[in-house]
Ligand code: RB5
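What follows is a single chain, given as structure tokens, in the form predicted alone.
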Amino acid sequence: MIALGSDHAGFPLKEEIKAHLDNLGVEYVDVGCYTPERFDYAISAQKACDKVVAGECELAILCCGTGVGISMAANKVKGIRACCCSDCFSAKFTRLHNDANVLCMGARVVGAGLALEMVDLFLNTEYEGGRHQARVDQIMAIEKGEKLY
């Protein structure tokens, strides 16, 4: 199950992603927003990320105008490794090397075609582990307030 969320600016892109996931037969839960009326991205980011941390969803995909604000909000949730992506290489390698569990995109930055390619890469790329695990562990240690130096 994938958690989907957006603000008003990301709403149209989230709707495109929903249609794409429907065509692929991928299950998702939409945590909002549900209309193009003004809506704050931090609310949907927290709702979606809470579902990932609770184990209700494996991953989340979030959209706002730039992808930046919603990624910043998502990364405040303990256990989340969110990445704002606007290219396919980053969408693939954030899963492969960083074990990212949230993909964030900007509806005003990427078109639907590119966004759907990134969604496919993000959902179909497995974490490589190995030499990358030490770095993911360091990220999580920082989240716990530990000093790395």
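Don't overthink the numbering: it's just position in the shown sequence, from 1. Please read all numbers here as calculations on a predicted model, not as lab measurements.
Although it is not shown, the form predicted in complex with the named molecule is what the next lines describe.
Comparing 90 to 98, 59 to 67, 46 to 54, 26 to 34 against the named molecule in the predicted bound form, the single stretch with non-hydrogen atoms within 4.5 angstroms of it is 59 to 67. In the predicted bound form, none of the heavy atoms of Leu21 sits within 4.5 Å of a heavy atom of the named molecule. In the predicted bound form, none of the heavy atoms of Arg81 sits within 4.5 Å of a heavy atom of the named molecule.
Taking the named molecule as it sits in the predicted bound form, the stretch 1 to 39 comes within 4.5 angstroms of it through a non-hydrogen atom at Asp7, His8, Ala9.
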